[in-house]
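Just one chain follows, in the form predicted alone, and it is written as structure tokens.
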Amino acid sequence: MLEIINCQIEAKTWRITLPDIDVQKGELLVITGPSGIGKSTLLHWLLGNIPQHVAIKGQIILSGINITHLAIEQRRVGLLMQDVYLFPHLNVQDNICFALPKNPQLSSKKPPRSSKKQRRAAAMNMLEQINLEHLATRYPQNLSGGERSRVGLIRALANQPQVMLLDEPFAALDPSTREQMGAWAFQQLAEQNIPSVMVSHDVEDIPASAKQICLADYYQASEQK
């Protein structure tokens, strides 16, 4: 479970004070609001990439552990953005291999995959589970937008995150592909019991079962000194 407690985002001319938020395992929270109000800023704060243009305070509790001051690499937080970056010199299978945990202490559910053969087998297994094994030997430049998004999510899941952040991940796709990709992605996250937080401008991207919070509802202009 993800908990966001006593969170306040403050800029020179405004502040947003959020109520305490919890996102249960397999649940999706969608953050909405107009451009420039701090949606992606909040997401980057959860990731551990502390923004410099605003001040953010609060606590981030993940699976009962306060991760507020941990470095990005210690948080076990996954991120999927609109521009899915895959290593162009690696095929799909090897892109996923790269994301698999290398430190056995990072994974309490599965044994470490120490050898290259084991890691490649694990990556192929993930692709087979979602019927994408036919993409294993393709390189990123030979994938469609929808295929890149799917591979990007699988690579993010390969690192066994405890929470997944999604920043307008399907915005660049055509409407039909975006709808299919969204349904598929949310199903994968729900089945793996991963709490997720997504930023979206488009209400059509929001599943009916998702929690929603609009930052504009908590916006307050600051008094000018």
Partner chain sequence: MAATIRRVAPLARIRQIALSSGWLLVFLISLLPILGIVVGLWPPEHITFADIEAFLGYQGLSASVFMTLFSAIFSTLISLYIAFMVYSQYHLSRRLQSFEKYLAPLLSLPHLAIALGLVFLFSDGSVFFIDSGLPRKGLSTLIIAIVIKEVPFFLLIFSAIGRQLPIKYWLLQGQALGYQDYRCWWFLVFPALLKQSRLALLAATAYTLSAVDVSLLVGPNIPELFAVSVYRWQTSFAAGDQALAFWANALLLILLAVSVLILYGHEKLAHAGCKALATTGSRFQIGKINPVFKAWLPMLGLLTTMMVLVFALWSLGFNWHSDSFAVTQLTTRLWQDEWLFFALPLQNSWLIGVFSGLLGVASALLALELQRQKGKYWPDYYWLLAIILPQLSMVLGWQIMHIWSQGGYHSGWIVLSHLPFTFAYAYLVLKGPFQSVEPRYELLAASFGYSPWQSWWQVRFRLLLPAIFTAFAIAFSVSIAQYIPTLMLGAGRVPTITTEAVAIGSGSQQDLIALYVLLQSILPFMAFFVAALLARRFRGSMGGQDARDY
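Positions refer to the first chain, counted from 1. Since this is a predicted model, take the numbers as computed values, not measurements.
There is another form of this protein, the form predicted together with the partner chain, and it is not shown here; the text below is about that form.
> Counting only non-hydrogen atoms, which stretch in 187 to 195, 31 to 39, 45 to 53, 60 to 68 is within 4.5 Å of the partner chain in the model of the complex?
Replying inline: Only one stretch passes the 4.5 Å heavy-atom test: 45 to 53.
> Does every residue of Ala123, Leu132 and Met181 put a non-hydrogen atom within 4.5 angstroms of the partner chain in the model of the complex?
Replying inline: Looking in the model of the complex, the three residues Ala123, Leu132 and Met181 all stay beyond 4.5 Å of the partner chain (heavy atoms).
>> Can you work out whether Ala156 and the partner chain are in contact in the model of the complex, taking contact to mean some heavy atom pair no more than 4.5 Å apart?
In response: Ala156: yes, in contact with the partner chain in the model of the complex.
> Using heavy atoms and a 4.5 Å limit, would one call Glu128 a contact residue for the partner chain in the model of the complex?
Replying inline: Glu128 lies outside the contact set for the partner chain.
>> Please tell me whether any heavy atom belonging to Gln141 falls inside 4.5 Å of a heavy atom of the partner chain, as the geometry stands in the model of the complex.
In response: Residue-level check for Gln141: yes, a contact with the partner chain.
> So in the model of the complex, does Leu79 come within 4.5 Å of the partner chain, heavy atom to heavy atom?
Replying inline: Close contact exists here: in the model of the complex, Leu79 approaches the partner chain to within 4.5 Å, heavy atoms only.
> Listed by sequence position, which residues of 71 to 93 have a non-hydrogen atom within 4.5 angstroms of the partner chain in the model of the complex?
Replying inline: Result: Ile72, Glu73, Val77, Leu79, Met81, Asp83, Val84, Tyr85, Leu86, Phe87, Pro88, His89.
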